[in-house]
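Encoded as structure tokens, the following chain is the form predicted alone, with no partner shown.
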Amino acid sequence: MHIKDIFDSKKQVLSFEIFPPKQESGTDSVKAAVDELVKQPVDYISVTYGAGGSTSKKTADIAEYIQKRHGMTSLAHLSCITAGKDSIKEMLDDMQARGIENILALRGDMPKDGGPVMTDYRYASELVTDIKKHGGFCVGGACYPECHPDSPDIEKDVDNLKIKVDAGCDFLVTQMFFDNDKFYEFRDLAAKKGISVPITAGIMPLTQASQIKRMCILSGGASMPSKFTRMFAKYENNPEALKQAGIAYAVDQITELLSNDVDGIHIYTMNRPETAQKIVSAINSLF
């Protein structure tokens, strides 16, 4: 099922994100996480794409498993920074043969090991164009409520996002954020710029001190409201309390977003079904 049709049929959509294993030995644990996550009232599950394409086949494998084993819609991430046009076509052909219908089109991050970077695609919008030309896919795009790290300002970033949407994006998924006001400002600016596709809010439940510090860096410097920093300061040295507080913060954040008519909630699960379950049990009646 195309994800755009899910958005058309529901007022608010719930989705999860998982990541594929780096090693073959981890496949069973990821599938076990999927087996638990599908027990929740989720509309689709996305599968990330490893840096440098290191897990491209595993991404397709897990996305196929979600669909064939559980009859659940999947969203396969696809990055083009280390892939040429021929390679992208091969991956699209493979996904089509597997019955994968939804792709999140990404430029991708620079390889951390200094590996080769291809020049066939400069921007994700060019990848979106080729996926649409290939035919048969519903295409999502990523967006940054607080501006992409490579953009000079949020106005220019949303202008570039409009180019990506015009290239054929059917919906958008935000990078994680922790300040809902930043999301509302971004959503209003996107609407002002003529972006009308659904925008689903990416929520990361941060439950470990090391995770909080690392994710703040990876998220491109997402703002931390005083409510969040006070929580972290209070429970930093109490792992169990911090875990519970992190879940509670995510629940509060999601509750407010739903009451302000967000199109969807996308929970970055980090392959932890128990955390997702606790969040969903608290918000399920709101959908």
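Model, not experiment: these values are computed from the prediction. Throughout, we count residues from 1 along the sequence that is shown.
Unshown form predicted in complex with a small molecule; subsequent notes refer to it.
Enquirer: For the chain shown here without its partner, which stretch in 170 to 178, 185 to 193, 91 to 99, 204 to 212 has non-hydrogen atoms within 4.5 angstroms of the small molecule in the predicted complex?
Expert: Among the candidates, contact is made by 170 to 178.
Enquirer: Is it true that 67, 103 and 134 each have at least one non-hydrogen atom within 4.5 Å of the small molecule in the predicted complex?
Expert: The answer is no; none of 67, 103 and 134 reaches the small molecule.
Enquirer: Are any of the heavy atoms in residue 85 no more than 4.5 Å from a heavy atom of the small molecule in the predicted complex?
Expert: Contact check for residue 85: no, nothing within 4.5 Å of the small molecule in the predicted complex.
Enquirer: I'd like to know if residue 124 sits close to the small molecule in the predicted complex, meaning any non-hydrogen atom pair within 4.5 angstroms.
Expert: Residue 124: yes, in contact with the small molecule in the predicted complex.
Enquirer: So in the predicted complex, does any heavy atom of residue 48 sit within 4.5 Å of the small molecule?
Expert: Yes, contact at 4.5 Å.
Enquirer: Decide whether residue 143 counts as a contact residue for the small molecule in the predicted complex under a heavy atom distance cut-off of 4.5 Å.
Expert: Residue-level check for residue 143: yes, a contact with the small molecule.
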